[in-house]
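Two separate entries follow, structure 1 and structure 2, each one form of the same protein chain as structure tokens.
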Structure 1
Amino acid sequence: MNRPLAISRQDHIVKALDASGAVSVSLLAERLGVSRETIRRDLKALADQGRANIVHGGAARGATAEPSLAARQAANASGKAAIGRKAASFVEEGMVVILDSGSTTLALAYALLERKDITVLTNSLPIALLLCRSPGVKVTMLGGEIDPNDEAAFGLDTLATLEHFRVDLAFIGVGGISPEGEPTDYSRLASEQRHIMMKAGQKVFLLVDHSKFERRTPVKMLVVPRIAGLIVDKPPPKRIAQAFMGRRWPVIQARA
């Protein structure tokens, strides 16, 4: 009898962690049919790799300090602002654009504040609230169930609404870029939704700040074949850069 691999058990743990932000030893032991001691050893191993933080009774993600949207905004703010400004330079008067949710696209929204005669579609509450106060910007909110972490709408309603639109530009964020240069996302649903956003756009830009490089999130992202540009604040590591080149994704460097 081959027992389930320790690796796959640890993968399961990481997924559960990503999904809910915290996992308990007891629950995992029960769920995975192993002893609590084994789970504890797994957690220790993951903690050594920096993939989990051990707390009493289990493990949590993101240290004791929560990475809320506000916190994520603060992280690498200058890099994100630079990406935002660069991305904004592609938006011309009269255009209709999609802005994905996330702190990087929020930075883009700030850069679009003074524009006139543009139309923005977004599923992000903060972006919609910000841009609707700008007289020159028309905002359409994509409805759906609100994910508290992203403060943005996801779900069937959102997907259904998206199908109706055809826009000039789509600006999409990513959860991470795997060491192999593959964009990844946090959930199947989010990935699916971003994919449809991409398909709605004539041109698609991915916004990737350097903290995303070599960060692997659980789901492989669905990507459209043609990407108009991948806007970054720092050059990606060699291996990732080569992967991008192989796919003919132009890397656009924003400078602070």
Structure 2
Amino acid sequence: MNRPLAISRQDHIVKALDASGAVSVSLLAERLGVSRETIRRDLKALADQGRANIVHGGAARGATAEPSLAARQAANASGKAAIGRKAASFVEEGMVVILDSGSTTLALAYALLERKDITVLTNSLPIALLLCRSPGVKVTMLGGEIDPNDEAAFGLDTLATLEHFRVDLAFIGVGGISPEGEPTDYSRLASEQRHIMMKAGQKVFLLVDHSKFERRTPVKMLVVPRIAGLIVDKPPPKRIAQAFMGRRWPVIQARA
């Protein structure tokens, strides 16, 4: 599949869903000049990303529930790996870093496997399990109630642990980036926890793969006044880029 064309089609489908709430396979195939099978593949990709719900004959606007971690890992894996490698380039020996839960931060964890003398604080079970096997990485698990969908801990216990650490860098994921350039999340608890993680870090990087651009999730994320950078795999749309520029948030593009 020609990926740029696929991305363009999927963006068109998402805009159609936002406008009308539902779309049909036959109408999309006619409008975009492709086969129905191609449209069905696009709808499946969007469903895996949580951006659409497949229904008989087409799709409906995506639900507000976040896709499973396994589904997110499979979506845009190469772009997330590139973001992970770029994010890892900012981590120096002796640093204490926060790795938020999520598929893109998990890609960062893989990029940190060979590092020496770093301390990682994370609420993610897969990240903790991966990095605790690396002799150069000391891992502290931020405890709390486990969300099985995210395979990560959330709650008061998670936040209380952060009070005991000095943190150099915080790497935070987002549920989406609104068309107005606002980071958003799927729940108030997740949003507030990520805000506390940001406040703990001397520098904060948001990890945003291009599938999050213009994705609508329901909760606005509170952010700290100064973001050291948004690490992306592809440039954001013009409107979002202008919003980032207005907030003086540097956009750092990772290379594959």
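Start at 1 and count along the sequence of structure 1; that gives the residue numbers used here. All of these numbers come straight from a predicted model, not from anything done at the bench. Between two forms, the rigid core is the largest collection of C-alphas that superpose within 1.5 Å.
Comparing the two isolated copies of the chain, the second one is the form predicted on its own. Relative to the superposed core, Lys234 undergoes a Cα shift smaller than 2 Å between the two structures. Once you line up the core between the two structures, the Cα of Arg166 ends up 2 Å or more from where it was. Core-superposed comparison between the two structures: CA of Leu28 displaced by 2 Å or more. Comparing between the two structures on a rigid core frame, one finds that His12 has its C-alpha moved by 24.2 Å.
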